[in-house]
Structure formats: structure tokens, C-alpha cells
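Given as C-alpha cells, the chain that follows is alone and in the form predicted on its own.
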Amino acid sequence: MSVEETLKPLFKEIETLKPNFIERLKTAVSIPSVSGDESLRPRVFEMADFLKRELTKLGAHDIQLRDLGIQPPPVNDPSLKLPPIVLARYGDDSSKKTVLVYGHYDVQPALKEDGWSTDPFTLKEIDGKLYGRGSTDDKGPVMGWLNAIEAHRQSGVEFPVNLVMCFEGMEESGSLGLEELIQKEAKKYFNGVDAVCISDNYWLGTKKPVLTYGLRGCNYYQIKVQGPGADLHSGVFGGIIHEPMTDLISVMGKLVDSKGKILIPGVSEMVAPVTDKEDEIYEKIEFDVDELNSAAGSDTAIYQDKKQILMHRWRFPSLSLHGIEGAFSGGGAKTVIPAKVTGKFSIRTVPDMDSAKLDKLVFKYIEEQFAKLKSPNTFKVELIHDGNYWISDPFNENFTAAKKATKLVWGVEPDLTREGGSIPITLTFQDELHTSVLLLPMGMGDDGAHSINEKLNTSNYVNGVKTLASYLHYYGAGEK
């Protein structure tokens, strides 16, 4: 029997189980598992317990809630425990392939008074859209994997692979402890994994599904400039001392120009050239500048050409200035001269940029620019954190299975996309498990993850379950 024939009764059962699936998501959304709010940490643990109960009911085995210990500073509560990583298996057949799926059960903060039209922790279906915090990021996709298991059990269709599940509760707060767990379990709990699938991203727009094969990395820096022993009055000291803010702005103004060009020598030379095969991918992607302007809320795009927009968003580096710590930022007209200011900026990295080499180029250039000022103020530039870029082969067996699944469910070939943001754990899975990682999104580009009125279209939720299940079948049908 073909994969398509096998999936017919499964798809029918998924439609029948739609109310169950929505109810499962409703319960998940009702738990305010905000990892960044210490007062809500017990609710994050509650969400982990909910997952354990659901997985147990669905027949999963070897379910473990891995204790990650105490959260390191900075924290208000020195005894604050990290939420556990939920591990589980479904199926244990040596003749089948093994797929690891990853998701996270924590969410961003949300309050009704932030501007939500509904209670953010009460799932509401309005005009075919499921509103609620975590609906698309990432509780909807996590429930999608559970829904896929339930649909197989209820329809009697044999599950096509061995499934290993890894769900964490600190993704929105830096994924503390996850990288170490993956490294530790690579040859233990995760031993024998043939492929990894992550559903924690979104379509590029609202019309066409995508598969994601690349992410930019991120090196985050800060520049500290200190002068006077305390903040000073500009009426007394303005014009007669070297002001730290003036020095800082002078240096930061030389990092990037108004067209987005990085001015640090040697950075552009590290970037991998665009290949003909890659260039063809961009030609087929459905996107226009109006979508960019809509997302930005303004007509301020640097580029007007689709290919240039997407390449500079995904596969070329960018430098962004983020803020100045220690500077006056409130309303009114305070005439203070800050004694110490810290400028923040980041560089999004791409193939083939080496993080350590980039740091050296950044430090050298900034030190040279500050030296030109001949200022007596003290100065320091440092790396806050870095995360490498990730790139995969969008034509391998893992992606091919996902393409077939997407076309079967949605009726169109998915666009092959990269993303400008970072999911550092993607690279960790790839490097530690020595296997292919696929980003298979469920939600649309307008879902508003991290924003007010976050939503997931009901059709995307249901068809997303079909897509996840189909992917497993197509991947499982290949030669082991």
C-alpha cells in the first residue's frame, strides 16, 4: 500500500478528533508556563506534569522528567529550580527509523492589559483562529505531535517510526541546561536517532507553507565608556570635559551605515558566495516588499527586490544597534551628562563566518576607532554571548519527506527558506547527534508569536497534525 493510501484513514480520523485536539491545546494554553517570571515557575512545572500525563495516556514509554538543578544567577530566588526537560518514546521497533522531535512548553509573558483582545491564557476560537499565549509558539506544535500519536491509535494505522520526544521548559529564557543534556544523552537516550524535526518556526507569509534549512547566528557585543566619577550637570561641565556618551556615539556611528552595510573591515570577506543552485531557490519563493512593509509597520525597506530582501534577511550578515545602558531615556528634558554608558549591538552571522575571527575583527576595529578620539575616558569592548549559524541540505532524505508531506496536505510545493533569527539548539542537535535537522513549521507568518493576540489558524493546527504525521510516514517509508 502506498503512503498516500495509508494516510487516508488517518486524515479522516484527524478530522474526527479535531475537538479533542482543540481541547488539548486549550488545557495547555490555560497553564501560564512563563519561564521568565520567577513567580510563575510552579506553573511551568505544572505544564511538564501535564505533558507527562498526556504522554502516559497516549501509550508513550520511558517518560522522564529530567531535573536540571538550580537556575544560575541572576535570579531573585537563589533556590529557583529549572523546569525539567520532558523525554519520552513512542515505539521501539529496530526495523523502523527513529525520529527525534523537539519543542518547548514554556511561553512569553502575557497580560490582558498589554492590549490583548481576549484573556491570553484562555484559548478562544474566533473566525477560524485560535487565540492564546503559546498557541503557535510552541504549544500548538507540541500538541501536534501528541495529536499525531492519538490519531494513529484511534485509526489503527501503524505508527511508521520510533518517536523520541524532547520538550523543554526554558526555551524563552535561554534554553538553560538543554545543550548539556543533549551532549550527555547523545549516545544514551538519543542513541540511534536517524533524523531530527523541530516545529518552532513559521511560514514566511500567509499563503504558502515553507521548510526551513538555515538560520543566522548571533554575536552580541557591548562597548563600555566611563569618565567622570558620577553623573554631571551639563550646565556646569558641558563643553569642558570628554563626555562618555559623545565617545560612545562616535564609535557606534562607525559600525554600520544607513543602508545596512557593515563598516568593519574583513567581515564581508568571510561570507560564503551565493551558488547558482541557491540563487534558483530564491527565484521560486513567494514574497514581495509589501509583506515586509506590513510586518515592519512602515514603508522603510532598504531593498525593493524580493531576492535582495530575502538574501539580506537570511544569508548575509547584519549589524544592529540595540541601545545604550546608563543614558537618560525618560520623558522630559533632563540635562545630565552620564558618567558611564554601555552601548549594545549584535551581528547576525552566516556561512562561512568564524565566530572567533569575527570577535577579533570587531575588537580591533572598535579599539582603533576609539583611539582616534584621543579621549582620556576608559573604554572596553566585550562579547556578551554568541550562537553559531546553522545550515542544512534542503534536498536530503529528511527534507524530501517533509516536501512530500507538505505537498500532500497543502497541495503546493513548499518554499525552501532560511531565517534571520537564531535557534542555537538546532546546531547542537545536528553536531551532537551527527544527523539531519529539519525545521517544519505549523503556523503562519502573521501568528504574532511573542506579541499580543498570538494566534494559530485552526486550519493550520489541524492540517499541521496531518503534515507532521505524513512527514513521519514518508520518512519512515525510505530505506533504513
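In case it trips you up, residue 1 is the first one in the sequence shown, and so on. Definition used throughout: the rigid core is the maximal C-alpha set that superposes within 1.5 Å between two forms. For clarity, every value in this text was computed on a predicted model and none was experimentally measured.
Below: the form predicted together with another copy of the chain, not depicted.
J.: Can you check 194 to 202, 324 to 332, 118 to 126, 145 to 153 and let me know which stretch has heavy atoms within 4.5 Å of another copy of the chain in the predicted complex?
T.: Only one stretch passes the 4.5 Å heavy-atom test: 324 to 332.
J.: Would residue 303 count as touching another copy of the chain in the predicted complex under a 4.5 Å heavy atom rule?
T.: Answer yes; at least one heavy atom of residue 303 falls within 4.5 Å of another copy of the chain in the predicted complex.
J.: In the predicted complex, is there a heavy atom of another copy of the chain that lies within 4.5 Å of any heavy atom of residue 188, even though the partner is absent here?
T.: Heavy-atom contact with another copy of the chain at 4.5 Å: absent for residue 188.
J.: So, residue 257 and another copy of the chain: in the predicted complex, are they within 4.5 Å at any heavy atom pair?
T.: Result yes; residue 257 sits at the interface with another copy of the chain in the predicted complex.
J.: So in the predicted complex, is another copy of the chain close enough to residue 366 to count as touching (4.5 Å, heavy atoms)?
T.: Residue 366: no, not in contact with another copy of the chain in the predicted complex.
J.: Exactly one residue in 79, 275, 298, 94 has a non-hydrogen atom within 4.5 Å of another copy of the chain in the predicted complex; which is it?
T.: The option sitting close enough to the partner is 298.
J.: Counting non-hydrogen atoms within 4.5 angstroms of another copy of the chain in the predicted complex, say which of 357, 242, 380, 184 makes the cut.
T.: Spelling it out, the residue with a heavy atom inside the cut-off is 242.
J.: Which residues within 4 to 35 place at least one heavy atom within 4.5 Å of another copy of the chain in the predicted complex?
T.: Nothing in the stretch sits within 4.5 Å of the partner.
J.: So, superposing on the core, is the move of residue 223 at the CA at least 2 angstroms between this form and the one not shown?
T.: Yes, the C-alpha position differs by at least 2 Å between this form and the one not shown.
J.: After the core is matched up, is the C-alpha of residue 373 off by 2 Å or more between this form and the one not shown?
T.: Passes the 2 Å threshold, so yes.
J.: Relative to the superposed rigid core, does the CA atom of residue 109 travel 2 Å or more between this form and the one not shown?
T.: Shift of 2 Å or more: no.
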